[in-house]
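As structure tokens, one chain now follows by itself in the form predicted alone.
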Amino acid sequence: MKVGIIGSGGREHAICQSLKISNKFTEIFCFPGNAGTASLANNVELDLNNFETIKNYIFKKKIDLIIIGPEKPLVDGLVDYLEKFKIKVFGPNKLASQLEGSKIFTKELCKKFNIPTANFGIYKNKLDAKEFLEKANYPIVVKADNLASGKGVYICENKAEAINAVNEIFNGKFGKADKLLIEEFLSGEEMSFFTIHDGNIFKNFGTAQDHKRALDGDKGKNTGGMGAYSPSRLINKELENKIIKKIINPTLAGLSELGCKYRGFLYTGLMIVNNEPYLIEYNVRMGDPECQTILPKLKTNIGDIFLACCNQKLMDTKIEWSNKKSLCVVVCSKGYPEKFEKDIEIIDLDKMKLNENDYLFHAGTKSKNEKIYAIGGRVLNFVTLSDNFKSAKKIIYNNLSKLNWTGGFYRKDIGFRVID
């Protein structure tokens, strides 16, 4: 069998490596992939906005299964398009992808089905939003409604910051904005809870905690993720049952009422307040860098899992995990998440020596003339599995110290909540 992976980030490299290890597929294609996937698969440059071109290439190469990594092709309806041609695809359809594509869609679903979430208001213009902000309590959260690559959420400490957020969103920083969301700030601890779905049933797929802020101590601007650890220190059986009963099951019921079944990964972003879960947001794919953190712990053949989901046979598949702790640190280009330089060579990356439980996943990289260049904001992901988080941190930062690249930076405190 042949498999294709759409995407170019660390998540897609991690998926690609898991599929390579699974030995389920004779050939792997990545669209477009990165310098890391190039050693595992056939990287293919295609216009991901041109669905017909993608479809034609799939038929030409007789690819049996397509896995969609990032959110944009899902929200744009690539699953629906490919399925019209009887192509097997892992990922939710366009309607289900509105859970991530529109924060307001999700909030209205929460309201209708009594899903616990922060109180919120929807505003269609600057004037109304700013009028509300004049009398609001701070801190407060301002969110772009549409996709924003993890950067469309503003945690505002005062009115000036909130007004700046409103201006940036309505001025088109994340694309055309007809409305935005303002919600109360919940004081608790965040957790990422993952499930995998086949349209009929779902199974748990791990937990993690992501570090969104660019700088140590959770300071600086929001990013797509500076690192993560798994499992979350917060998870317990009682909390897991509450998440499923109060949040995931009602969400699936809401989608079902709209005539939609969910298939693919579902990333439930939560705020935990006194062991009670509140929905912050949904992502309709594996998180990045959570995916890189979680997949190395998977013992079950990932190819079998993907195929079971596509064939609605997940019930028959047992998903098993390593008990080890996992830590991931993301190396970014200096300046990220704002302006940064591109096409910066990373020296001697191929000479890095990693042990069996260490992983290096590429994200914003490309290979050219046998050299590796940084072309994105988030560039590399260093991951380590260990018996405890403290030893994982020691190993991972030792590996990072050997990285010969002055053009990057990384946080020094990933996992600080679980490491003394």
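When you see a residue number, it is the position in the sequence shown, counting from 1. Only the largest set of C-alpha atoms that superpose within 1.5 Å between the two forms is called the rigid core. None of these values were measured; they are calculated from a predicted model.
Keep in mind that the form predicted together with a small molecule is not shown, yet the notes after this line are about it.
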Any non-hydrogen atom of residue 184 within 4.5 angstroms of the small molecule in the predicted bound form
yes
Evaluate residue 190 for contact with the small molecule in the predicted bound form, applying a 4.5 angstroms cut-off between non-hydrogen atoms, and reply yes or no.
yes
Do residue 76 and the small molecule come within 4.5 Å of each other in the predicted bound form, heavy atoms counted?
no
Is residue 280 close to the small molecule in the predicted bound form, meaning a heavy atom pair under 4.5 Å apart or at it?
yes
Which listed residue (305, 271, 89, 243) meets the criterion of a heavy atom within 4.5 Å of the small molecule in the predicted bound form?
271
Would you kindly say which of 201, 347, 319, 153 lies with a heavy atom within 4.5 Å of the small molecule in the predicted bound form?
153
Within 4.5 Å, heavy atoms only, one stretch in 80-88, 323-331, 160-168, 135-143 touches the small molecule in the predicted bound form. Which?
135-143
Flag this candidate site as yes only if 94, 110 and 263 all have a heavy atom within 4.5 Å of the small molecule in the predicted bound form; otherwise mark no.
no
So, does residue 157 move by 2 Å or more at the CA between this form and the one not shown, with the core held fixed?
yes
